[in-house]
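Below you will find one chain, with nothing else, as structure tokens; this is the form predicted alone, and questions on how it binds or moves follow later.
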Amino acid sequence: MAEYAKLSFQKGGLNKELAAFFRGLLENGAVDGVLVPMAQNHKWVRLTLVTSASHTAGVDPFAPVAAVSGAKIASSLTSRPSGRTIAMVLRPCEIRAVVELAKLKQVNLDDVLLIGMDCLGRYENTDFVKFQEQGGTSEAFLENALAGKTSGPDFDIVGACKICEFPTAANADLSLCAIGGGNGAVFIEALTEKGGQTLEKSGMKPSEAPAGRNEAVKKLAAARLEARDKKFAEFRAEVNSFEALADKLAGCVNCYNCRVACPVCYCKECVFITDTFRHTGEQFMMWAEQSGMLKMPTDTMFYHLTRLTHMSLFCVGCGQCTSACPNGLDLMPLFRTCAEKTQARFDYQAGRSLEEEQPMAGFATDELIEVTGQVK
């Protein structure tokens, strides 16, 4: 059964209470470090690795911004295990990406305490700055978002968040629960035995579950699912041919930012930055002569189709690909609509379970017997 602890706060005091919680984890030896969003230079909020209890004052876990996917940071921190326990405070999509990377042996969870959080959405980096300049705080964002208001005069949360049907964390040890808690309270839920032991070590007093949480979560997830299906239908109607897809991707300049930003584009060396795609001048001339002209740079369509084939099974819908594009290409709907089909084909959901084997990642001697006709 889930266990809860309650963080009560006065207006403007949410982050102070959260800082006290993380300080308790470090002081009581529950963890050796905490990876958590933290205010930097009075403007930016970035994931920060904190190892000293005296440096927790600037934590801001619910800040509506994610400059990079926390799954990529988790990979960097655990690729060579330190043997020291790190609590990682991540959004639901980041945890789902961590699950996929763990299956690929690119994240090691042995010494990790995963702390999830309710996600009401995030702003693009530049919009987050506007949000702050207009007096916005994480606490105010939570209050407004829970009431259905996420936009400002000239900004709104990113499209990926509007159609994300996973507002709460799964596969975490602990979760910071804002939905259903009411104003002036955030609950900490223990989802695993490890999480329960950590919550006990933190010194927090146990409490009852937040009233109305389950219904509030279901309502939000249903609204996002409806928005998702509408977005998918609109995109498929608009991009219903190869020519329409080429038009959508026409602004691509092969910067590969989307590949770098994507938490589940997992190859250590991408074929597109190897000699395979460093063509000679003579090759360019030959291709140009075939039709009299050649758009430069080349291979932009091939690049995106390769990425779709490569990782749509593992897409977690974080929207970092769209955020990273310097030319404003909205790649998220393309990858999400493709991922819905490929994941459904294999009855697979990215990040659903650590025990669920990734499709096409292994070999079974008796698979596809109806196709090959082989005899058992």
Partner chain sequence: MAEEKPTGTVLVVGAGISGIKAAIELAESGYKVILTDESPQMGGILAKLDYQFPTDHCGMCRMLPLVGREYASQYCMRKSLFHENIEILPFTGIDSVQGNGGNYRVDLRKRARFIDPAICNELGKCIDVCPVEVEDEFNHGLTRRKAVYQAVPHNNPRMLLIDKQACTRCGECLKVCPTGAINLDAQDEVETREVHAVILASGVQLYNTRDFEDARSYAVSPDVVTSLAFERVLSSSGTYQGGAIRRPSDARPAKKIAWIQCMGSRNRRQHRDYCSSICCMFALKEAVLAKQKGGPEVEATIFYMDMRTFGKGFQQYRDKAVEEHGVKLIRCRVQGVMLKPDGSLMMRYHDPETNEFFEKDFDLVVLSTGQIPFEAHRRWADLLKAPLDERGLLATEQPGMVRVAGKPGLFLCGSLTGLTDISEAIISGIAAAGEAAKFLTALGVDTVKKEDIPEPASKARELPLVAVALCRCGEKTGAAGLDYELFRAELTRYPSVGAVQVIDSICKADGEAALLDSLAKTACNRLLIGACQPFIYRRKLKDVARKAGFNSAMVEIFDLFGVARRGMAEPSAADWTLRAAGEIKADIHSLKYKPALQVNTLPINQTALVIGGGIGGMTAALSLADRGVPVHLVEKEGHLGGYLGTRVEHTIDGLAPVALAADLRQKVLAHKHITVHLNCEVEKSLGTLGRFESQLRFKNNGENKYLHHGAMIIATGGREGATTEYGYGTSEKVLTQAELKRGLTDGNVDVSEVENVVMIQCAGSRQKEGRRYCSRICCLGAIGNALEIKEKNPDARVFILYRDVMTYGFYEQYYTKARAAGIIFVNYSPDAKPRVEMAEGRPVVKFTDPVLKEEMELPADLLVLSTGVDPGESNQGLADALNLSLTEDGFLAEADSKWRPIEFQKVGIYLAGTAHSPMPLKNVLLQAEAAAQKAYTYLSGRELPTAAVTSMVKDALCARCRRCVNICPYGARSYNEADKCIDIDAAACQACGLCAVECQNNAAEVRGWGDKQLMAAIDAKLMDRPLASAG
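For the two forms, the rigid core is made up of the largest set of C-alpha atoms that agree within 1.5 Å on superposition. Positions refer to the first chain, counted from 1. Nothing here was measured: the structure is a model prediction, and the numbers come from that model.
Just so you know, the form predicted together with its partner chain exists too; it's not on screen, but the next bit is about it.
Quiz item: Can you pick the stretch from 136-144, 67-75, 273-281, 169-177 whose heavy atoms fall within 4.5 Å of its partner chain in the predicted complex?
Solution: Correct option: 273-281.
> Among the candidate residues Glu215, Glu208, Asp154, Glu243, which is the single one with a non-hydrogen atom no more than 4.5 Å from its partner chain in the predicted complex?
Replying inline: Contact check passes for Glu243.
Requested in this report: Please pick, from Glu200, Asp111, Glu226, Asp299, the one residue with any non-hydrogen atom lying within 4.5 angstroms of its partner chain in the predicted complex.
Outcome: In short, Asp299.
**Study point:** All of Gly13, Glu17 and Gly121 within 4.5 Å of its partner chain in the predicted complex, heavy atom check
**Key:** Result no, not one residue of the spot touches its partner chain.
**Report entry** is_contact(Tyr256, its partner chain) in the predicted complex, heavy atom dist at most 4.5 Å
**Finding:** No, no contact at 4.5 Å.
Could you confirm whether Tyr266 comes within 4.5 Å of its partner chain in the predicted complex, counting heavy atoms only? Flag for Tyr266 set to yes.
- With the partner left out of view, is Ala324 within 4.5 angstroms of its partner chain in the predicted complex by any non-hydrogen atom? Because no heavy atom of Ala324 falls inside 4.5 Å of its partner chain in the predicted complex, the answer is no.
When the contact criterion is heavy atoms within 4.5 Å, does Met286 count as touching its partner chain in the predicted complex? Output for Met286 is yes: heavy atoms within 4.5 Å of its partner chain.
Quiz prompt | its partner chain in the predicted complex - contacting residues of 84-121, heavy atom within 4.5 Å | solution = Read in sequence order, the residues that approach its partner chain (within 4.5 Å, in the predicted complex) are Leu104, Lys105, Gln106.
Against the rigid core, is the Cα displacement of Gln290 between this form and the one not shown at least 2 Å?
-> After core superposition, the C-alpha of Gln290 moves 2 Å or more between this form and the one not shown.
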